[in-house]
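Next come structure tokens for two forms of one protein chain, structure 1 first, structure 2 second.
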Structure 1
Amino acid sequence: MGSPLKPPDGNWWNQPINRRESIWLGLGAVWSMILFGWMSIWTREGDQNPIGRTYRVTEEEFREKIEAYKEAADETDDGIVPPGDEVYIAGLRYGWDGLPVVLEAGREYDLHLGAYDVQHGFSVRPEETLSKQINLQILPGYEWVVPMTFDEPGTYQVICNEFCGVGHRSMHGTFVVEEGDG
């Protein structure tokens, strides 16, 4: 025992372990299980999970879906009012097709997120409370359906936070969340 520069001598495997080191090993093992357990439980019990169905789509297919969606939707001064619970948003250099969109607070929508060209970052926060923010990766070729329920009315700002080209910094959009009926 001793030097890390010499081969360990004797029967090093059977050398006893210091009591405090053993306690620490136990603590570490327990903590590792807690970390794992909490994360898995939250996927079932928690309200915030980066989980949704994913479909492969080509750029053309996704463009067509968004066109059809916009046909069915109301265009107002504040933005698109979706016809139902489905909301379509596509990232493109350098903007968000489908934003601004007007939603109701407290109502669950299915956000269909995708991209026409390259990877983008979907980063959302209410204008008033910047610390409440979430970030999802958006990939071309994939349509990701993520349910979302905005609980408070207000303007939610979207900025792209994956580098998508020199104009990346100007890529932004908004959700206008209005008081719900119910």
Structure 2
Amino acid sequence: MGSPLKPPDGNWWNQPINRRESIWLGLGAVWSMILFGWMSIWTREGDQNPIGRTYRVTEEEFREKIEAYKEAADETDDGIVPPGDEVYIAGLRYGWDGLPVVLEAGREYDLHLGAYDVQHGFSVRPEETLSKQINLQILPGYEWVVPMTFDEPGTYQVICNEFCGVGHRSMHGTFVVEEGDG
């Protein structure tokens, strides 16, 4: 028996392929094309992928936007109450500028996400469960506007899921979602 580390003896690459192997290769190729087509359609029509606009922005410009947002917002014991439907959040070592924030259940908000320093992960999940979550990547130099609606009241945890340095483990924040008025 030959070693799996050494190539087989002889002219093995010019040997004809067995009929059964050809059938399985053909089935594998057809199945791959079906999955590729399904994935392409699902990405465009499935409504599960985060969408939104992305803009090039400098760190200073994004900091100014967040400061203006925080000045216009109300502050409660639970966090920042946005003045409208726009919420600005920036990742920085080792925290979130703009969190905690108090939102209304059932209302759509445009989250303006960016990073001041390095790439950060933006993972949001309800406090009670790990099975419902969204994971996004935010990059310095970009402002990503993602529409988001929280259907259920409660506390949603925000963590950085992209290692950003020694203080990474302390990088968390919250969305406090309260019952809506209407």
Partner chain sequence: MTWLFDNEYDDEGFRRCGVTGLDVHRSVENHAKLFGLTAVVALLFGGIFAFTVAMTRWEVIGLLPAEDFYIHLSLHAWNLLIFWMIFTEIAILYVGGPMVLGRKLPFTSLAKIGWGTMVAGAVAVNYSIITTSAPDEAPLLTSYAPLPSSPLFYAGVIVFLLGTTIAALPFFVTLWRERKRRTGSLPLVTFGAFVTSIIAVEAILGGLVTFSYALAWRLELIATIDAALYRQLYWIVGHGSQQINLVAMITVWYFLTHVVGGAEIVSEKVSRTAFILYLFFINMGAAHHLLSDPAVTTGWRIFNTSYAFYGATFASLIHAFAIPAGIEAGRRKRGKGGGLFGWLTSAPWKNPVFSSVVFSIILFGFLGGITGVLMGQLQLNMAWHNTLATVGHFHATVVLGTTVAFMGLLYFLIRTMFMRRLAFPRLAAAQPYFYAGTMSIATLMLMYVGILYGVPRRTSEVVENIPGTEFSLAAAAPLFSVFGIFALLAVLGGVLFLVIALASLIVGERIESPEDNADLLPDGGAHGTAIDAVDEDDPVHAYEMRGTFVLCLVFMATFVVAYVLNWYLLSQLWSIGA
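Everything quoted here is computed from the prediction, not taken from an experiment. Residue 1 is the first residue of structure 1, and the numbers go on in sequence order from there. The term rigid core refers to the maximal set of C-alpha atoms that superpose within 1.5 Å between the two forms.
Taken from the form predicted on its own, structure 2 is distinct in origin from structure 1. Once the rigid core is used as the reference frame, the Cα position of Ser22 differs between structures 1 and 2 by 2 Å or more.
After superposition on the rigid core, the Cα of Tyr116 moves by less than 2 Å between structures 1 and 2.
The Cα shift for Trp38 between structures 1 and 2, taken after rigid core superposition, is 2 angstroms or larger.
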